[in-house]
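Just one chain is shown here, as structure tokens, and it is the form predicted on its own.
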């Protein structure tokens, strides 16, 4: 059965893969992004009704994170607009172990619409598409929380789960915590990437205070620094958030992608060798 599905954040790390998966299933997809027609802009609620018009289902990714100030109010307003527009089902991407994000989840769960909540651990792709790519390329990664073991998850697994739960009503009303199959420290991650690429990459353990000072010195905005302080201090540092789940296998019937597999296919793409002279 074909549905009309709005993907808010449809050009992001998970969104673009969800687009691909839904199109393979012959679904009608609308991108909820600023430069689409109709446009969707989190900062311009006036754009929301047109983007939602005629949609049966919505996948919501809030940028930069559901924990930031203003996220709760935005999710509450959007959920109300979605219900008014006749949306039948909402799938919300949330963060594993984020108490503020759970407030947003409750808004969706109490909306009266069908829903599925996806709580994801930290993405593998933070090392290949996001803020940790530049340090990897530079060969020096300085990060706090050196003892935290994180069950990094691949965005392909998240996207496959999202496609499945959007199209299968069996998953209505359920909450899934999506992790990878292993919990790794930042040092172990850097060692995996160094070994897989054959490059010399050094990990330096720094205090959270020093890391915040480094971000400030780099000219990063205060709200960005606040978010990473929150994620390191309140999420990664808590033992309960380092637990591994089998929810990927539960939903998809296959194992979650191991970080080593991620390293292998990312290395093949050459992403971690940009600007690195190649030997003849």
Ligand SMILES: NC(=O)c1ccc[n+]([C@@H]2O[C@H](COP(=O)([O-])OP(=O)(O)OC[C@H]3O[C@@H](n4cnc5c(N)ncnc54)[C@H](OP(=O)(O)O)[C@@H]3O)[C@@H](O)[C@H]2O)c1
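Just so we're clear, the structure is a prediction, and the values are computed from it rather than from any experiment. Residue numbers count along the first chain shown, from 1.
The protein also exists as the form predicted in complex with the named molecule; that form is not presented, and the subsequent description refers to it.
Using a 4.5 Å cut-off to the named molecule in the predicted bound form, not one of 116, 161 and 245 places a heavy atom inside that distance. Residue 93 is the only one of 78, 93, 166, 108 with a heavy atom lying within 4.5 Å of the named molecule in the predicted bound form. Note on the partner interface in the predicted bound form: the residue among 120, 87, 136, 104 having a heavy atom within 4.5 angstroms of the named molecule is 120. Just one listed stretch, out of 237 to 245, 29 to 37, 50 to 58, 250 to 258, contacts the named molecule in the predicted bound form at the 4.5 Å heavy atom level, and that stretch is 29 to 37. Shown alone here, residue 12 lies within 4.5 Å of the named molecule in the predicted bound form, counting heavy atoms only. Heavy atoms of residue 63 reach within 4.5 Å of the named molecule in the predicted bound form, making it an interface residue.
Proximity of residue 41 to the named molecule in the predicted bound form falls within the 4.5 Å heavy atom cutoff.
None of the heavy atoms of residue 197 is located within 4.5 Å of the named molecule in the predicted bound form.
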